[in-house]
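A single chain comes next, written as structure tokens; it is the form predicted alone.
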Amino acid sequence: MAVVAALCLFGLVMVGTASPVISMAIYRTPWMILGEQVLWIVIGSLAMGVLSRIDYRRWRAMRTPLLVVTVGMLLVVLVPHLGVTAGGSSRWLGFGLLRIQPSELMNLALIVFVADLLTRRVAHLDDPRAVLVPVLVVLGVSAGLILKQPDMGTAFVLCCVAFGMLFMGGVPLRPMVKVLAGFAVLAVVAGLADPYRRDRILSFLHPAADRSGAGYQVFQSLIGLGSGHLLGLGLGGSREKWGLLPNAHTDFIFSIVGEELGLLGAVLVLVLFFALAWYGLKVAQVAPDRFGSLLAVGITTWIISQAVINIGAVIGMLPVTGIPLPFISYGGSSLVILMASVGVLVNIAGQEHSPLRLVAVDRHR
């Protein structure tokens, strides 16, 4: 909880320094976006506190309703006039500040489903039909609906979560490698078939080919990062936030961190996420049962994979996918759902500690 609090407070400062220009343009006041971020952190803290007091084992009973409701919400998002469209993507339900992003909730629903499945079928891990097929069906349906929004980043995070849990749950590598190869081919086809995703992928592969078009955002991000050097330009000293870098307070806030706080500030962010990953896996190691272990693995994989994908895009090592940096980027339902999930992690950590091996079946028998 201390690490998450540090990330949220750090993010609050960075949103405050990165958002005044865009906030002034939209709301005619430089503090509106910062005020909204404070509100979401308060709501997220309440959600984290509540879920940290609810026994994590109760999530097993909610696995099916949670999955069905979330898939239903993903379908409703695609219905014209019901889903909220912004930036060419239809990802939200609701109005004003009261908006929820079902794709974020899908991460939690998938984690609960896979953790329960791997717990109930621990004796059948070598049978692909018993474990892999159900997971792939749920993953394929949910990822397909999310790609229709379009939201390639969240779909990629879902895949990371599913395969990370399968690996840690003891599923043999050979069938997983085959499935991963198939998913890679499908990902390439899906990425090149849609013009929106194709432009982003091609700009990543050949960033110099279109500096003023699809590659503009990454080039401006790299300029900002390079300007920071070791100690940065100082808090509030960013030049990129003055309309040069799109989404400076959301998807590309890590670039503002590097520009204003330099290499030291960027490394601090990486250290905080590394600490969160370490603590999350430690919770998985000492969880009182297999379900709790897998639940902790799934939540940790979700947060860290999303951070890696976001930072990789900002520094030009991965395609731009449009997902926020957990706890630091400006965000509404995304921030609240992530903080609520950390509450589940805290509850697992607070249970009776009894070391448990994730793989309960000896494969050599």
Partner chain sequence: MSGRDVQTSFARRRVATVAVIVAVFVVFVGRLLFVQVFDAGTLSAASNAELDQTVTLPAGRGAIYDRNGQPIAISAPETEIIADPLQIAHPAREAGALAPLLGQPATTLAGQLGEHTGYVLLARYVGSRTAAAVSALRLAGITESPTSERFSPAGELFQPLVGSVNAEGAGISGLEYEYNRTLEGHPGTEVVKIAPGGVTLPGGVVKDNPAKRGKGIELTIDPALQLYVRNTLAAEVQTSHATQGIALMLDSHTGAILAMVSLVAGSTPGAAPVPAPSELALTQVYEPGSVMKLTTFSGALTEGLITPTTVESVPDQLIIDGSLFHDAWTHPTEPMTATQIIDQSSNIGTIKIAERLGDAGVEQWIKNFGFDAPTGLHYPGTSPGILNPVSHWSPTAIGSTPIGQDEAVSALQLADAYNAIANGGMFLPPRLVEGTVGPNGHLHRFPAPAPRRVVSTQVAATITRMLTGVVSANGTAPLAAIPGYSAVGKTGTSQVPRTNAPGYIPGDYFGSFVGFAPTQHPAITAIVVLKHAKQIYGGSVAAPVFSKIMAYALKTLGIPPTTAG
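Just so we're clear, the structure is a prediction, and the values are computed from it rather than from any experiment. Residue numbers count along the first chain shown, from 1.
Only in words, not in the display: the form predicted together with its partner chain, which the text now covers.
- Using a 4.5 Å cutoff between non-hydrogen atoms, Gln220 counts as a contact of its partner chain in the predicted complex.
- Its partner chain in the predicted complex is not approached by Asp116, whose heavy atoms all lie more than 4.5 angstroms from it.
- Although the partner is absent here, Phe252 sits far enough away that none of its heavy atoms falls within 4.5 Å of its partner chain in the predicted complex.
- Put simply, Leu335 is far from its partner chain in the predicted complex: not one heavy atom of it is within 4.5 Å.
- Only one segment in the set 132-140, 177-185, 159-167, 104-112 has any non-hydrogen atom within 4.5 angstroms of its partner chain in the predicted complex, and it is 159-167.
- Among the residues Pro128, Gly215, Pro150, Gly262, the one placing a heavy atom within 4.5 Å of its partner chain in the predicted complex is Gly262.
- Taken together, Ile41, Ile54 and Leu235 are entirely out of contact with its partner chain in the predicted complex: none brings a heavy atom within 4.5 Å.
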